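Quick heads-up: it's one chain on its own, the form predicted alone, in C-alpha cells.
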C-alpha cells in the first residue's frame, strides 16, 4: 500500500515509517496537517494515517479539507485523547478508523489491511470523469460514442478515474492491475497507449498525460 503518514513527533514518525516500510508499504511522512492536505492534491495514496494534534494545521481540520475536496482516501486517526466525544469528532471529520496512543504497530498494520480490503471489495458500477462514463460491469466506455474495453483496460482506467488529477506511477498501476503477474513498465505503457486511442475514439474530453519518464495523470482537456 502507498501510505501518507502525518505525525509531528519525530521519533514516533521514524519508528512507524520504518515498521510500515518493513511490512512492504510505501510511506510518505509529513509533520503537519497543511502539508498532508497538499500531498493529497498532487499524489495518489491507498490510505492516510494522521495524528490529530499537529502544528500549522491539526488533523481534524486537515481531514475536513481533504474530504471537502472530494478525496475519499481511507484514513486512520492517531490520537492521545480517549474521550468518546473526541473519537466522534474525528470520525465526523471524515476518518474511517482511529487508534489511541500508545498503540500496537501490528494493530495499525492490521487496520490498514482491513481498510484496503474494504476499498477493493467496494465496487461502483459506473465511474465518471469529464464527459466520460465507464461501466465496469459491461466493460463499456462511453462519451460521445461507445466502445468496449478489455478487463485490464477497465481496471486500469477505473483506477485512474478514481485518482483523476493526481500523479500515478507505473509501479502503482502494476500493483493494482497486474498484482503478482510477470509484468513491467512496458506493459503499463502499452495499455496506456490502448486507452489513449479508445478515449480519442469515443471523443472523450479527458486525456492521459505522462510517459516513461513522468508519472501518469488523467486530466480533462480544455
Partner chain sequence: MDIYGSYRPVIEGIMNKLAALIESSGHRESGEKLYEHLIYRIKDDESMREKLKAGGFAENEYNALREMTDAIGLRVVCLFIDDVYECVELIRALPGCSVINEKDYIQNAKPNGYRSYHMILDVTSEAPDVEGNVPGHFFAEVQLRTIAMDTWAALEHEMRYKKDISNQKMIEQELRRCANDLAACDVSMQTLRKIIRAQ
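It should be emphasised that the depicted structure is a prediction, and the values quoted were computed from it without experimental measurement. Numbering follows the first chain given and starts at 1.
Missing here is the form predicted in complex with the partner chain; even so, the following discussion is about that form.
> Which among 140-148, 105-113, 67-75, 126-134 is in contact with the partner chain in the predicted complex, heavy atoms within 4.5 angstroms?
Checking each option against the 4.5 Å cut-off leaves 140-148.
> Tell me, out of 211, 21, 14, 200, which residue has a non-hydrogen atom within 4.5 angstroms of the partner chain in the predicted complex.
Exactly one residue meets the criterion: 200.
> So in the predicted complex, is the partner chain close enough to residue 42 to count as touching (4.5 Å, heavy atoms)?
Residue 42: no contact with the partner chain in the predicted complex.
> Even though the partner chain is not shown here, does residue 153 get within 4.5 Å of it in the predicted complex, heavy atoms only?
Heavy-atom contact with the partner chain at 4.5 Å: present for residue 153.
> I'd like to know whether residue 194 contacts the partner chain in the predicted complex, with contact meaning heavy atoms within 4.5 angstroms.
Yes.
> For the heavy atom contacts within 4.5 Å of the partner chain in the predicted complex, list the residues of 41-72 involved, in sequence order.
Nothing in this stretch is in contact.
> Residue 70 and residue 151: do their C-alpha atoms lie closer or farther in the predicted complex than in the form you see, with a change of 3 Å or more?
Closer, not farther.
> Your call: residue 131 and residue 40 CA atoms, closer or farther in the predicted complex versus the shown structure, by 3 Å or more?
The answer is farther, because the C-alphas of residue 131 and residue 40 separate from each other in the predicted complex by 3 Å or more.
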